[in-house]
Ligand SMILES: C[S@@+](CC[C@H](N)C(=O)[O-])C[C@H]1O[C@@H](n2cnc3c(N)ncnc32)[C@H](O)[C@@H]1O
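Below you'll find only one chain, the form predicted alone, shown as structure tokens.
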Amino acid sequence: MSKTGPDFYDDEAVFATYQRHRQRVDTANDTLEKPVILELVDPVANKRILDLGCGRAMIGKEFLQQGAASYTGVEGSKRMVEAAIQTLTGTSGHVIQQTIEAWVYPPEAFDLVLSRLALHYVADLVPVFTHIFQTLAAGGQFVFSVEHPVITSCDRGWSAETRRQDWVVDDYFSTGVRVTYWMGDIVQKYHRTVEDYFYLLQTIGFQLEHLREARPQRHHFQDLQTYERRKRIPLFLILAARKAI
């Protein structure tokens, strides 16, 4: 039976595998996704920040060190919350154990809403994006990353026991739930097209500012072979939008 995002990461074996993956050199998160996130977010000094699906809240600690006014993480996984609390010890940041869908979003309470690789676990983004729009102050920014739709569309052609060498893009416009084997277990994600994300932001009322695919940059990699491999296919889709003043 497949697991939803929070339940998936609360599995002891999955969480241990996740921890090992994040400690590797040249992870895709650190070499591809995070540099674009840091490039797109406004200077965080004096900003009130909400991080949806915050995981271990490592970026929250960084933002507070850079002068953010406040940092609130929302995370559905108990194990991730425990890790985030440890990360934020000694800072003013705090984390709330709640799903992205169920959390009560206070009106106009944040200047930046961030979500990194969490929204592809959410079945219905319309109410979530609506809540995000409402919780942003005028002029506030929304920046998020998801697994790239060419990845979520189909996982055929990949043996879970080996490093992926070939990618099959199929059923791209058949959006909806996907069940896949990942990090040692079966997880449930949701496939959407690039167009879906783009038009959803517009429909809610956001002004789209940037659409990025995390093109590999050589200076972010220690290993040349890993850099060359990452040029084969996009792993992440990252968008930045704003609530008009």
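A residue's number is simply how far along the shown sequence it sits, counting from 1. These numbers were taken from a predicted model, which means no experiment stands behind them.
Unshown form predicted in complex with the ligand; subsequent notes refer to it.
Taking heavy atoms and a 4.5 Å cut-off, does Gly76 contact the ligand in the predicted complex? Gly76 belongs to the contact set for the ligand.
Classify Leu117 as contacting or not contacting the ligand in the predicted complex by the rule of any non-hydrogen atom within 4.5 angstroms, answering yes or no. Output for Leu117 is yes: heavy atoms within 4.5 Å of the ligand.
With the cut-off set at 4.5 Å between non-hydrogen atoms, does Glu101 touch the ligand in the predicted complex? Yes, Glu101 sits close enough to the ligand in the predicted complex that at least one of its heavy atoms falls within 4.5 Å.
Please run the contact check for Tyr121 against the ligand in the predicted complex: heavy atoms, 4.5 angstroms, yes or no? Yes, Tyr121 lies within 4.5 Å of the ligand in the predicted complex.
Which among 168-176, 148-156, 77-85, 130-138 is in contact with the ligand in the predicted complex, heavy atoms within 4.5 angstroms? That would be 77-85.
At 4.5 Å by heavy atoms, is each residue in Pro6, Tyr18 and Arg22 next to the ligand in the predicted complex? Yes, all three are in contact.
Those residues of 53-68 which, in the predicted complex, come within 4.5 Å of the ligand by heavy atom: Those in contact are Gly53, Cys54, Gly55.
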